[in-house]
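To begin, one chain is listed below as structure tokens, in the form predicted on its own.
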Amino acid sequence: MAHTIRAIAIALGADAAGDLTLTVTHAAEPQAAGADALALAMSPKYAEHLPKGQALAALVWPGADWQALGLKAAIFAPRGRLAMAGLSAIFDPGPDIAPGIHPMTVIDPSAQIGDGAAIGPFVTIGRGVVIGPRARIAAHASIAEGARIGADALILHGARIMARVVIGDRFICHPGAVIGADGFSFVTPEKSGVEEIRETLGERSEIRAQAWTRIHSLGSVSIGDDVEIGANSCIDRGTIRDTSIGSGTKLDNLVHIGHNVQVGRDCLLCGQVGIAGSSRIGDRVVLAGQCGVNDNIFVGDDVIAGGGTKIFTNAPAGRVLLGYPAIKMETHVELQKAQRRLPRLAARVAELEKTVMQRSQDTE
């Protein structure tokens, strides 16, 4: 679909100049932009590539000399990535799900489907499910008994929403995600080796056979408004109380949230993050890729953990963490500098040892 420069600028709340009646059909990098594309040149380093393409209009930085760049129109973006968020929404057609309910969908008669739903083929919706208005549910998704989902949900192909899960408005669930599977919780009749090691920090009185007994998950999952769950992510149901995800929180692909975990509002959990059972994550926490959080600990508000960080103990609010185990970022940086100096230090020590040995032999 074509959009005028004027319409895009209004939608972004941005200033524009030049021929605002020009139309574009998509966004493109400057060197690849044709005459029907809006070039993304939000900084001078990107604008350098405009002559390699054929763009007539571009998204540029405030104060850019757009005419000198050979453009006929420009939209000015004070914060480029924020403008990208709005621009990508304008050009994203979304999944192709026909309005109405596909005849190859199976919906329990007791389920309530809100007005304006678009539900694709091979979707199954169980007993007592309530889905809010304007839901879009793609093929092969399943929603189990008693689940409740708010307005404007987008549930993509093959997603699994299990029994009694409660989800707020404007929910986005990417393909293959599983929300509300049983928690991973087992116990042995006698004290297990794991319990003993936790108490003694490594000492075991004896190694003996042990068999695991399953603890069933009686809780479910509660999710707030404006939450997005990435592809193939898993959120386990709680043992007694619900596992919970706060409003505005975003999960990347392949994230695992264990049973009883409580995640706060507006958190960002990147790919392959794992949070073990019964931990609490504060508001606005950012966990970069492959971060791990131990069970039964608390990560305070506004904590930021770099990629691969392993958090084994409570983390105070506002702390920036790196490393395995997690430590303050500035300490981690100093340790890494010191580690890089170790080969030179070892060589100096060896040389000093050699000198001392030689002098000792000379005095004998």
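None of these values were measured; they are calculated from a predicted model. Numbering starts at 1 and follows the sequence shown. Rigid core: the largest C-alpha set superposing within 1.5 Å between the two forms.
Only in words, not in the display: the form predicted together with another copy of the chain, which the text now covers.
J.: Test of understanding: in the predicted bound form, would residue 343 fall inside 4.5 Å of another copy of the chain by heavy atoms?
T.: The answer is yes: residue 343 has a heavy atom within 4.5 Å of another copy of the chain.
J.: Under a 4.5 Å heavy atom criterion, is residue 325 part of the interface with another copy of the chain in the predicted bound form?
T.: Because a heavy atom of residue 325 falls inside 4.5 Å of another copy of the chain in the predicted bound form, the answer is yes.
J.: Do residue 233 and another copy of the chain come within 4.5 Å of each other in the predicted bound form, heavy atoms counted?
T.: Result yes; residue 233 sits at the interface with another copy of the chain in the predicted bound form.
J.: Do residue 99 and another copy of the chain come within 4.5 Å of each other in the predicted bound form, heavy atoms counted?
T.: Although another copy of the chain is absent here, residue 99 would stay clear of it in the predicted bound form, with no heavy atoms inside 4.5 Å.
J.: So which of 153, 162, 75, 119 reaches within 4.5 angstroms of another copy of the chain in the predicted bound form, heavy atom to heavy atom?
T.: Comparing distances to another copy of the chain in the predicted bound form, the residue within 4.5 Å is 162.
J.: Check each residue of 280-301 against another copy of the chain in the predicted bound form and list those with a heavy atom within 4.5 Å, in sequence order.
T.: If the 4.5 Å heavy-atom criterion is applied to another copy of the chain in the predicted bound form, 280-301 yields 284, 286, 290, 291, 292.
J.: Is there a C-alpha shift of 2 Å or more at residue 355 between this form and the one not shown once the rigid core is superposed?
T.: Yes: residue 355 shifts by at least 2 Å between this form and the one not shown.
J.: Would you say residue 11 moves its Cα by 2 Å or more between this form and the one not shown, aligning on the core?
T.: Residue 11 C-alpha, core-superposed: shift of less than 2 Å.
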